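One chain is shown next in structure tokens, namely the form predicted on its own.
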Amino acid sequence: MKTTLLAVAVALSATAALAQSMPAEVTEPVTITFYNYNLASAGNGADATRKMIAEFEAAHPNIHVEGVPVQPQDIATRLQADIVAGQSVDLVQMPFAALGFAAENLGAVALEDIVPAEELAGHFEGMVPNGLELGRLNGKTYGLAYTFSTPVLFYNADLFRKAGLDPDQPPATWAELKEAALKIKASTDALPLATGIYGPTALDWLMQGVINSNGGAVINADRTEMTFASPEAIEAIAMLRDLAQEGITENLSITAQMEGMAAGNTAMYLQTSAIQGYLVKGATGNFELRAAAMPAFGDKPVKPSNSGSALSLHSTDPVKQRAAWELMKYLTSERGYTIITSEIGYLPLRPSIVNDPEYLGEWVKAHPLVQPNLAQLEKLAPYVPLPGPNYLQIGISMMDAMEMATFGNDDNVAGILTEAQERTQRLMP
């Protein structure tokens, strides 16, 4: 890893030395690369991305966008290899988990360093402040929130009624959730609760929201110390363990969780709102699907974290920087977020379009499940990327320990988390 990072640093230094001021516009034909994980998927994500690229190119005839499909877990590795090989890396759909690494090791450019201040402020106007914070590190913007969402509690209103519960009063706290889940368990054959907290692709985004909502954090504010064995974090994991011990939730794969909810065999599912389309398709004609906010710990404020990605600019060529910035502006414009929300399922960073009939107004009326997700924008506690070249190893080790503390045979939640915290701290830069 150190050898690879050194090679990346040398490659970036060589190209950065040639960089000049970004021009005000693109006046000659130029091609930029767009590393994008939605293009690597099947269905709505890829289709909507191709649609946005086509619209952008039609409006900017001098700019050609070469889409590069890459799976999200492979983006950092792919960028390292391509930078060392001297290939053009211009714009990237960067998973939030990798944004810190991208800024510190892969040449992500702070927008404040290349975009004129007045132009940058003009584009930021009307964006949700909490959303803008998602891409900021050390006071600068290394990424613009692109496809992101918060966790919502999807629930099967028919199963609520069968258990004698009022579907108009979904659980607002974890204690209320447990009470409702026990009634569902006693009166139906359904799994009371599935969560997207654990699983091979879950990493720690949802867990950050759970622990934040109990007054804790998995890492301190300056990203130097792991803190997921604090009393607040231990209490949060102990709550999840209690749900598992009661048979309310099980350690299922993400695929099994989604399929169970879509088939009507699960009563509640805490997961990213981005799966709404999949669940709606399964529920249509079979059961009534609803959505509520992420549960709170008593009267403590809910602080949901976010999943998804930011757009990070990596080009050192001034003309390509302008072209990539123009694409960033389109993708995070009113039109861009309209497509992202209505055709992929993520949140718009511009609240003014939610009720505007020119953009999302009619779609939101027809899709009320998006409302809890929109409401949580104001409560959003931005995902904190884990630092250094070992960020993935740190996250996986931490989540493995939390999964063991939740579903394992050892009741010593504090001991499991403390040992894991000490181990992951040694992997910190």
Partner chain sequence: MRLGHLHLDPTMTDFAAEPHPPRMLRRMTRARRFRRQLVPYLYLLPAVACFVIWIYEPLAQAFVLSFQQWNLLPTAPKTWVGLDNYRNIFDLPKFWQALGNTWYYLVGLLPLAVLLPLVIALFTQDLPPRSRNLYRALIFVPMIVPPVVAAAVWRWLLDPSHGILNLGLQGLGTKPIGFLSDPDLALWTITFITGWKLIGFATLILSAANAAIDESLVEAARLDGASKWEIIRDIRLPLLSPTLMLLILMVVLLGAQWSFSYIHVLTEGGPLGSTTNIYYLLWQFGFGSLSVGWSSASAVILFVGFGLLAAALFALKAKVTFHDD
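All values derive from a computational prediction rather than experimental measurement. Whichever C-alpha set is largest while still superposing within 1.5 Å between the two forms counts as the rigid core. Positions refer to the first chain, counted from 1.
Below: the form predicted in complex with the partner chain, not depicted.
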query = Each of Lys365, His367 and Ala375 near the partner chain in the model of the complex, meaning some heavy atom within 4.5 Å?
reply = no
In this chain shown alone, the residue from Ala238, Val84, Leu182, Leu120 with a heavy atom within 4.5 Å of the partner chain in the model of the complex is Val84
Students should find that, of Val152, Leu144, Met207, Leu106, the residue having a non-hydrogen atom no more than 4.5 angstroms from the partner chain in the model of the complex is Leu106
**Study point:** Phe96 within 4.5 Å of the partner chain in the model of the complex, heavy atoms
**Key:** no
| query | Wondering, does Trp325 line up within 4.5 Å of the partner chain in the model of the complex on heavy atoms? | reply | no
**OP:** Evaluate Glu259 for contact with the partner chain in the model of the complex, applying a 4.5 angstroms cut-off between non-hydrogen atoms, and reply yes or no.
**Re:** yes
message: Would you classify Asn130 as touching the partner chain in the model of the complex, given a 4.5 Å non-hydrogen atom cut-off?
response: no
Within 4.5 Å of the partner chain in the model of the complex, heavy atom basis, the matching stretch of 356-364, 399-407, 22-30, 375-383 is 399-407
Taking the partner chain in the model of the complex and a 4.5 Å non-hydrogen atom cutoff, the residues of 368-391 making contact are Pro389, Asn390
Exercise. Taking the rigid core as the superposition reference, indicate whether the CA of Asp158 shifts 2 angstroms or more between the shown form and the other one.
Key: no
Once you overlay the rigid core, does the Cα of Ile211 travel 2 Å or further between the shown form and the other one? no
